[in-house]
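Below, in structure tokens: the form predicted on its own, a single chain.
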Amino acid sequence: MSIEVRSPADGSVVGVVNDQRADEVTETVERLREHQTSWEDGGFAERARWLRRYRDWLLDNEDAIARALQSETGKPWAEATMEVPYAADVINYYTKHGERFLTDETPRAHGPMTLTKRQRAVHRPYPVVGVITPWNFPVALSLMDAIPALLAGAVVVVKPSEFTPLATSAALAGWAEIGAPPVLTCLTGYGDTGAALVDTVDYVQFTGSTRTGTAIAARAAQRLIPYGLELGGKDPMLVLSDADLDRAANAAVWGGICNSGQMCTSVERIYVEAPVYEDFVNRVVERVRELRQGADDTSYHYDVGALANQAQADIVRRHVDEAITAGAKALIGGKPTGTGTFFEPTVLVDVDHSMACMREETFGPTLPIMKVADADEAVRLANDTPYGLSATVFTRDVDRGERIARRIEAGAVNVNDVFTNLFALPLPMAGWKQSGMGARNGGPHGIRKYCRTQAIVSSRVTPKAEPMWYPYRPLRGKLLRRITRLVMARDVRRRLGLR
């Protein structure tokens, strides 16, 4: 069977891929598994060499990948060209630091039992890693997980969304084109293909909806395999009365409408202190009015593209319509526009937490803005959600902003910025609550997550028998008890056995 890939901008067919069956998934995984040992044994330097060659290929073919990505996502050209450079940055970071991150750890002995032992913690890869990615950033999300897994010594199978398989397939085809070992491949298909992948790999990294992530976690748990989940968000922005309102308004518009609002870390709701509420809203509306929306080519004509599919467009329309029916006002936008799945960038006011636009993930170009009395109310409302991916605080007092950040229940908080944490590879990108499980990036964690840590203990002194081995003898037993009491106790009376 095959899958027709359609442009969300006009509905035209832009490509066809295979809907790969479960048996094809199993065959592919087992074929790659055969090459894992040699890939691991080749050493980090050799793996890094191939990743650097792959980085160069990606950069050389950036425009072709971006055109494929634009055709299937409806992104404007500026956003279609963001993904390959991000993947190149991930390659540069982990090829530079990865060997150090994977170096054996040799802790010191902590007590008498291990004084004569050499201790090592060795990081060994999960043999096969499956990466299942969504349609909003298909290339970046596929590679940001595949790259550290490959450098860890795993082989990797990527399953992109059935809505956006073209750019990912094109990007991963470059691995074979440079003549690299067959340790990275792409499988295309619907949900059954992804389910089959979960049933055959040794580690699953999934990015997508909370509903699908929960199903993947349950399936992985049945097999007792580990997994990482980066799921949905309902990210708040807090604008305090001392904020730089021009910067805050610019950040809100880009943070909420970039990629048509289809980012897990999009600004999905804004809380503004009352003294600056009207001024901030006016600035946001002014910025939104300047946005250009349409089907872009490669000339940077437009700022906002289409939504990825009709189902997503329907969610956005429902959230906006329900909010307006409940008393909200759309100061600008508020309806579908043009052909395909375009939806006008929309600013909503007079919103509250009874509305879906403030409680459910919208994943669209909407900015609901709510007036609050003070920072305490803003924090309370920001935390009134089952999600906890990221958040943003705007204030001229950075120290105060960081104190407020510590009160927000989210895996990342940006002060006076949006999305910055995504580019801070030494920091973890983690979702709290229903926004995920585990983390990606985070320096050593970003590569060690794809490893099983193995403990190796070697005896440097090797008598015929250890004092604790058989046979048990009264004198030896009493002596061992006296020695352990002397070492373990932390006061003189207990060390001497006086109590």
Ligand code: NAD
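Numbering starts at 1 and follows the sequence shown. Predicted, not measured: the structure shown is a model, and the values here were computed from it.
The following text describes the form predicted in complex with the named molecule, which does not appear among the structures shown.
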>> Residue-level question: is residue 341 within 4.5 Å of the named molecule in the predicted bound form, judged on heavy atoms?
In response: no
>> Using a 4.5 angstroms cut-off on non-hydrogen atoms, would residue 79 count as touching the named molecule in the predicted bound form?
In response: no
>> Given that the named molecule is not shown alongside this chain, does residue 303 nevertheless sit within 4.5 Å of it in the predicted bound form, heavy atom to heavy atom?
In response: no
> Going by a heavy atom distance of 4.5 Å, is residue 206 a contact of the named molecule in the predicted bound form?
Replying inline: yes
> Of the options 389, 154, 357, 239, which one has a non-hydrogen atom that comes within 4.5 Å of the named molecule in the predicted bound form?
Replying inline: 389
> the named molecule isn't shown here, but in the predicted bound form which of 381, 195, 173, 113 has a heavy atom within 4.5 Å of it?
Replying inline: 195
> Quick one: which of 348-356, 131-139, 330-338, 244-252 gets within 4.5 Å of the named molecule in the predicted bound form, going by heavy atoms?
Replying inline: 131-139
> Quick one: which residues from 230-256 get a non-hydrogen atom within 4.5 Å of the named molecule in the predicted bound form?
Replying inline: 230, 231, 232, 233
